[in-house]
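Only one chain is given next, in structure tokens, and it is the form predicted alone.
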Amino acid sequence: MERKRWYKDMVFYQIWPRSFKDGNGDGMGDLWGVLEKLDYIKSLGCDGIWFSPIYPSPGADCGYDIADYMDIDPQFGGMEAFRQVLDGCHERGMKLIMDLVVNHTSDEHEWFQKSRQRIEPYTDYYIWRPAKPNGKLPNNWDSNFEGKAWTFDEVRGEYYLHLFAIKQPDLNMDNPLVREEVKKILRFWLDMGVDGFREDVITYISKPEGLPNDHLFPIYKGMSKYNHGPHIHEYLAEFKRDVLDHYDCFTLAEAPLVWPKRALKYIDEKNGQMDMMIQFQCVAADCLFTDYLPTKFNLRKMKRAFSSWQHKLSGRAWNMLYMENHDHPRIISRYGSEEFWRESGKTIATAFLFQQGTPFIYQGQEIGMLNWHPEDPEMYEDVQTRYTYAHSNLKKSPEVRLKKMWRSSRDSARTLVQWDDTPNAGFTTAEKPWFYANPNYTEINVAQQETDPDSILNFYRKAIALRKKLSCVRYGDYKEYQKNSGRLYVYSRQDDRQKILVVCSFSDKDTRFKAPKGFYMDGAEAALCNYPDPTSDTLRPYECRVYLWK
């Protein structure tokens, strides 16, 4: 079957289901709540949904620790609710993609429970090693979430590898039986009608022979060894050949520490194994390597990342465009300004929505949700946040450490979606939801913004609608201007039918703007702006404009 490239014309909406909408009143977000809001998602101009994991899970990493790949967790409504959501999407002309997490499972998965007891054929489904003779760990690798990457299992009498939480043991993808299990999972959901997969840390699944120590990385030791491992392209090609090529679906790879040249080995349209890639560079303009090593926002760094991917993938592969997801704090609090909340939220939207690629909007991004500032570290749910707070900067006061979590924790992206100004932000009718709402929900919510023509929500609708009308956004060339500016992000898109100039100020001060050579402003239509009267050559704080020439 020829796999079509319908995803190139789409805008996706990511749902982190626990916090999206509670449809049955038990305090937990669920698929009944999603079903209730499908028309809202469609109204944004989004025609696809990506679900973060909704499989049965103990919840050690909020669903990314999967206990059963071929079912839907009852707390989300089970398979009955899922089928209704899937049908509801397809009836509206929308696609639905699942989160495929096959680098690791939950330690409560049947495979792991049998593997630790050496029950065949599961004995080698995971990566087990005995302690070294001197009692040391099998190697020096770190986990991404909880200390070292090895935990001793008393039942088996060996260490197991976990690149993430202790309750997330890594699968042994070198075992062909494990790869067959992955193929079964893919077929199960594709046969049901699912349209594709976002594949979690998929570049980690091939570990190097002998699991050598990592002496290159100062933190997260091991990543230079297991990221882009020796058989990664072989295994992904196997999944594509044996399963994915037989369905009209698409795949999206999550790939930490990847640059365009490396990405093309995965997503080149001639010989790649996947369709698109989530890269981290565009959301690393205010940190070093991880959100927990924050720096001052550097607009030039953000621009270099976007422009690099636009130029180097052009004509060869397709970009995935985003500014927020479940793994990072809210973008206005990072790249924008809470003082100029409305203006900067719109500028951030404009900055990425008119590039070449498929945009993904994360729940709450479209209303400008901000970072959360809990008063007590115990209020955090995220395993990574809890571990980081407990183990880093121990010489500093609890107040200082907590403030760092305000800036860095991904739980800021996981507070309840703010639907209205009623208790619990309209997320649930239950007295006590599973998690917290940001207290600012009384001012920032969907209901308020629906009736405000100048809201961030309605700006997203206008921007997405404009994007879909412009052939140059899909087919046109990309060119950046004023690259050295620390205040302005300016780029053009042009094909043989039209051209646009996108101008975004990332400054809280008035900034002079001069059109690039060849752009005659008297012939331009101001197709989009976040201020009235975009005629001056001075941009107001966080002003954005899209000029159109036909």
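It should be emphasised that the depicted structure is a prediction, and the values quoted were computed from it without experimental measurement. One rule holds for the numbers: they count along the sequence shown, beginning at 1.
Keep in mind the form predicted together with 1-deoxynojirimycin (NOJ) is missing from the figure; the text below concerns it.
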property	result
Region of this chain that lies against 1-deoxynojirimycin (NOJ) in the model of the complex, out of 470-478, 408-416, 236-244, 216-224 [heavy atom, 4.5 Å]	408-416
Check all three, K95, D248 and T358, heavy atom within 4.5 Å of 1-deoxynojirimycin (NOJ) in the model of the complex	no
Distance check, V201 to 1-deoxynojirimycin (NOJ) in the model of the complex, heavy atom within 4.5 Å	yes
Residue contact check: Y64 to 1-deoxynojirimycin (NOJ) in the model of the complex, 4.5 Å heavy atom	yes
Heavy atom of Q168 within 4.5 Å of 1-deoxynojirimycin (NOJ) in the model of the complex	yes
Distance check, E254 to 1-deoxynojirimycin (NOJ) in the model of the complex, heavy atom within 4.5 Å	yes
Answer option from F76, F145, F427, Y460, heavy atom within 4.5 Å of 1-deoxynojirimycin (NOJ) in the model of the complex	F145
Interface residue in the model of the complex among H231, R116, H326, R386, criterion: non-hydrogen atom within 4.5 angstroms of 1-deoxynojirimycin (NOJ)	H326
